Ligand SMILES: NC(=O)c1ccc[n+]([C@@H]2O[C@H](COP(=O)([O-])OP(=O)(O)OC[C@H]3O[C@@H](n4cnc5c(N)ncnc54)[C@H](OP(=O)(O)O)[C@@H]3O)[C@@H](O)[C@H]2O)c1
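Shown below, as structure tokens, is a lone chain in the form predicted alone; questions about how it binds or moves come after it.
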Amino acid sequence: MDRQLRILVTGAGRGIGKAIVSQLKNDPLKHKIAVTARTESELNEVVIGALGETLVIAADATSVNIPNEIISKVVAAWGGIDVIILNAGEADVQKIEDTTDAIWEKTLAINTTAPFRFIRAVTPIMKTQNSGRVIVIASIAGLMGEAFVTAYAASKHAVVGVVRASAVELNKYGITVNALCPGYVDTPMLDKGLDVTAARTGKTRDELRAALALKQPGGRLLTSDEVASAAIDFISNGETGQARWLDATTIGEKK
């Protein structure tokens, strides 16, 4: 990055989103950073100490009109938007037979439909600018199957499809669209899933955490900071057209 950017980060209050904002807000270029999530207190905390202007928008991204409203607020404040990082996500650990319609619909709403609506809303702005970066935090579950997360895997497969189609369609307008597909990341969402699995299996959280780490190519869980750094790399590099699986080894090679 060689200039000040206008950046929107969704799901910015915790986990990977918080790590993304923490890295961006200290950049000497003093980027203008808009953050959104449901919990305003978390958003206010994450932008403390930012070198550039910030905009806090507490909202539920699954509401039909909210993505349009958020994009409109950013454009009204700063005259445009250069980067949107779509990080908000949710997972429920359930057997297939216990995955209710409510769980299914909630998971697709936050992991697939909301990112689609944000991309749809920001596209006319970025077309006018003839430039833009869209980065979706997806998951390795969007590229392969995993037990007990049917709704999550389906939603991440779907959003990877949104990214691939958007990348092809928007490239000629100077807009890049990419997905990061990391493996298991040490976040509050992972802890929530471990608690559910521990209750179901009788194993301890530490035992389950160790088992997940062994599934990773690097033999460990990823950190939020590693995924955040990879996301920020896309802003500078502007790669297009493909969803990428970033595992522990790949991200380690970038550092």
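Numbers follow the displayed sequence, beginning with 1. Only a predicted model underlies this, so the values are computations on that prediction, with no experimental measurement involved.
The next section is about a form of this same protein that is not shown, the form predicted in complex with this ligand.
Please run the contact check for T39 against this ligand in the predicted complex: heavy atoms, 4.5 angstroms, yes or no?
T39 belongs to the contact set for this ligand.
Is it the case that T62, even though its partner is missing from this view, gets within 4.5 Å of this ligand in the predicted complex, heavy atoms only?
Contact with this ligand, yes.
Taking heavy atoms only, is K25 within 4.5 angstroms of this ligand in the predicted complex?
Looking in the predicted complex, residue contacts with this ligand do not include K25, since no heavy atom lies within 4.5 Å.
Are any of the heavy atoms in A88 no more than 4.5 Å from a heavy atom of this ligand in the predicted complex?
Within the cut-off, so yes.
Which one of these stretches, 73 to 81, 169 to 177, 92 to 100, 137 to 145, sits within 4.5 Å of this ligand in the predicted complex when only heavy atoms are counted?
The contacting stretch here is 137 to 145.
On the criterion of a non-hydrogen atom at 4.5 angstroms or closer, are F116, G132 and I235 all touching this ligand in the predicted complex?
Per the other structure, none of F116, G132 and I235 touch this ligand.
Find the only residue in V56, L208, A50, M189 having a heavy atom within 4.5 Å of this ligand in the predicted complex.
When this ligand is considered in the predicted complex, the option within 4.5 Å is M189.
Within 4.5 Å of this ligand in the predicted complex, counting any non-hydrogen atom, which residues from 139 to 158 show up?
Read in sequence order, the residues that approach this ligand (within 4.5 Å, in the predicted complex) are S139, Y152, K156.
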